[in-house]
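Quick setup: one chain, the form predicted alone, written in C-alpha cells, and binding and motion questions come after.
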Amino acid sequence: MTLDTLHKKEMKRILVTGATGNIGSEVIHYLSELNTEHKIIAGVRSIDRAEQQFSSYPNLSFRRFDFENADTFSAAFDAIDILFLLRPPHISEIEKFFRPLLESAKANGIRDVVFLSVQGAEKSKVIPHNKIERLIQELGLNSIFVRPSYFMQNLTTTLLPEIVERNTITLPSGKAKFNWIDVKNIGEATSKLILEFENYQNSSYVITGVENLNFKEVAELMTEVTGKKIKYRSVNPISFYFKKKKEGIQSGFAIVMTILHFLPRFQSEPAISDNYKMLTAKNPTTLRAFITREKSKLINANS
C-alpha cells in the first residue's frame, strides 16, 4: 500500500450542520485548527452567505442543507463519514424533522454521529435532546453525545435584548444553580471528539465550566464587571412562556426555553465535569472572563 493510498483511506469527510450558528461556527473553527487530514464540509441553507462568513477558511467546503427541507438531505449526506448534528432551537418536533433526517443519513451510508445534546438529557424525557439521543440509538448508529451545561453565550444572544434595553434578566429559574460553559470550549472539546471518533464512540461526554451560579449571582457579577446595574427577576413559567410568545418567539422554542430554565428548580445542583480539561489539557473559561470579553456587547446591542 502506497502512502497516497494510506492517506486516502484515513481521510474522512465531516459534515457540520448548523455551521453558521454559535456552536457550529466554533466547531468549524476548531476542526480547521486541529485537523490536518480530514475534509470539513459545512451544511448550510445559503452557500453564498456561508462563503462570506467563512472567507478565512480556504479549505472549507459547503453543501446545501436545511433541517426543514428533506429534499436537501440526500445530496448533503452523500459520501459523508462523520455527521456533527445539533438541534436548531426552534425545532422541537423530533419525529417530523429528525427521524427523516437520520434515516436519510443512515441510508446514505453515514454510521458515525456526534450529537450536541445537553447536560442531563438522559434523565429528562420531556426535552427534545433526549428524544434525539434515543432515536440515534434506535437506528443503530455509532454515536458520541456531547452534553454541555448552560451556555454563557445565552447572555449575548437570547437574553441580550432585555439586558441591553431594560437592564434586567427575566426567567422562571428562581434560585436554581446553572453550570456555565463557554461555547468556544464546547466547540474545541467537540472537535477533539470528532477527530478521534474511534477512541470515544458510543459514549457521552458532559462538558461543563467550573462554576455553578444562579441568575441573581450572575446579574451581580455582570453589574460588577460592566458597571451597568443589571437585575434578575424570577417569574412563573406560564408568565414566562406568554412573555416569549408576545415577543414573537415560536411556540416550540418558547416551550423549550421555559423547560430548560424552569426544571433546574427541581433538580440537584449540576455536577461539574473535568472532561474539557481531559480532552484539551486546558481550563475552561470563567464567567468573569467571558463577561469581560463580551463587555461591549452587553452594554450596547450594536457593538
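Sequential numbering from 1, following the sequence displayed. What you see is a predicted model; the values in this text were computed from it and never measured.
Quick note: we don't show the form predicted in complex with a small molecule, though the next part is all about it.
Relative to the small molecule in the model of the complex, residues K39, P58 and I80 are all farther than 4.5 Å at every heavy atom. Interface residue among K177, H129, K184, K192 relative to the small molecule in the model of the complex, by the heavy atom within 4.5 Å criterion: H129. Scanning D66, E269, E51, D274 against the small molecule in the model of the complex with a 4.5 Å heavy atom cut-off leaves one residue, D66. Among heavy atoms of V114, none comes within 4.5 Å of the small molecule in the model of the complex.
Proximity of R265 to the small molecule in the model of the complex: non-hydrogen atoms within 4.5 Å are absent; the residue sits far from the partner. Though the partner is left out of this view, T208 does not reach within 4.5 Å of the small molecule in the model of the complex, counting heavy atoms only. Remark: N22 counts among the residues lining the small molecule in the model of the complex, judged by a heavy atom distance of 4.5 Å or less. Only one segment in the set 220-228, 198-206, 82-90, 103-111 has residues whose heavy atoms sit within 4.5 Å of the small molecule in the model of the complex; it is 82-90.
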